[in-house]
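Here's a solo chain for you in structure tokens, the form predicted on its own.
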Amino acid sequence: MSVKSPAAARHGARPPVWKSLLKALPFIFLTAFMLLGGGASRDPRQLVPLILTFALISVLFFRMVHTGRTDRYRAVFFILMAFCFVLTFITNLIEVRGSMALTEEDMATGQTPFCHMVIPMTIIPAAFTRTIIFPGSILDGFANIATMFALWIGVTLALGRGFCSWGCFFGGLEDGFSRLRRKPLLRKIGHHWTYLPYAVLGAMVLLSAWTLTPSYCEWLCPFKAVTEFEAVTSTRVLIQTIMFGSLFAGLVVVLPILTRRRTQCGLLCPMGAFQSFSNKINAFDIRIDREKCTDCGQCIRVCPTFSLDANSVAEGKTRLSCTKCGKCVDACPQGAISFHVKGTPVGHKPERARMLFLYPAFLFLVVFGTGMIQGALYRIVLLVTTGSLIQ
């Protein structure tokens, strides 16, 4: 007896190519307008990365529409975006500053790009003190505070915690490492650990409000190891630097490889915990049709952020921490799990609900990722043509 693939179980036969193309074309045209609206450079070193990036976006979105699989093609772009971000960010820093290290002068003059990870630690102090506790610029420069807040608000209203799988370039790093093994070596992680991010969130918000400093940035952020960090000029800074490297190695690289889960996202990240509450206010969620579900547990095993357990499956929904990556939707052998528009019957026209979600979700992924991918491709072209990643 043949077993249908999850996509086939959910959608039946694959639609004709022309129908999928019609669904994808509006998004492809919108992407072309975004990339070419300001005019294309005639420099081949800039033009080639632009063409390759546009081709990648178009192919991935079409395949996502045509095959009915969401996570497979989301992950390609999401992971590539993350690693391209690291390459682009580091080379830009070295080009501009000469190193990844921040000096006191850089911080005093607001030369630090604003990081979305610190948003929960800035909102409450800003409300009480009218002070932004981050050494960045409000309106000027790359990744200024106003622009990043505007992007974050837009993604949050549209996707809720989907931000963490469709916008957060840091999440793509651990997502990538979590896929290096076909089977996990470490399967069992205590359910109580999934509450740790909320404790970290509370502690960091209170500490930041008390000290008027971005405490998470100063002590716990693993991604300082691959972005920028304070120049080591004291024992305190040395300890902080060691912590950044250790947390990155453990939570972003080693544990994701061992567990096939996004352990930093699911077990530490205060920004992720903060975003979880926004799942209550956006229009989309993931639901389980209990009439189709056989309680096989496959969705629980594949969920990268510990957002499904036996209780939530029995209730026909995900936990508050769901990032809407679509991995459980792709994996369900009965097609019982689907994207859902709140206020509509569960399982009602699931493909229409999925498409309504995909348009804004993939659009935000493109907004966050195209510059990073183009930048990395430009650096590679530069390396091939000049022998250096740095101009």
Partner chain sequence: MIEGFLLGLSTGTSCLAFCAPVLLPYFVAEAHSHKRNLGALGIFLLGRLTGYLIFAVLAWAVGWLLLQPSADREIIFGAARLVLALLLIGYGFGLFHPACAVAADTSRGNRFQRRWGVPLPLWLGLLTGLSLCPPFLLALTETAQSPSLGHSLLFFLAFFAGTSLFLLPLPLAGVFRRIAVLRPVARLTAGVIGCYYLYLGLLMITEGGMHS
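Positions refer to the first chain, counted from 1. Just so it is clear, the structure is predicted and the values come from calculations on it, not from any experiment.
The same protein has a further form, the form predicted in complex with its partner chain, not shown here; the description that follows concerns it.
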query	finding
Segment that reaches its partner chain in the predicted bound form - one of 302 to 310, 74 to 82, 239 to 247, 149 to 157, heavy atoms within 4.5 Å	239 to 247
Contact test in the predicted bound form: V96 vs its partner chain, heavy atoms, 4.5 Å	no
4.5 Å heavy atom contact, M204 and its partner chain in the predicted bound form	yes
Distance check, T294 to its partner chain in the predicted bound form, heavy atom within 4.5 Å	no
Touches its partner chain in the predicted bound form: Q298 (any heavy atom, 4.5 Å)	no
Site check R14, L25 and F33: each within 4.5 Å of its partner chain in the predicted bound form by heavy atom	no
Heavy atom within 4.5 Å of its partner chain in the predicted bound form - the one residue of V226, L255, A209, I119 that qualifies	A209
Partner-contacting position among K183, H192, K280, K188 - heavy atom within 4.5 Å of its partner chain in the predicted bound form	H192
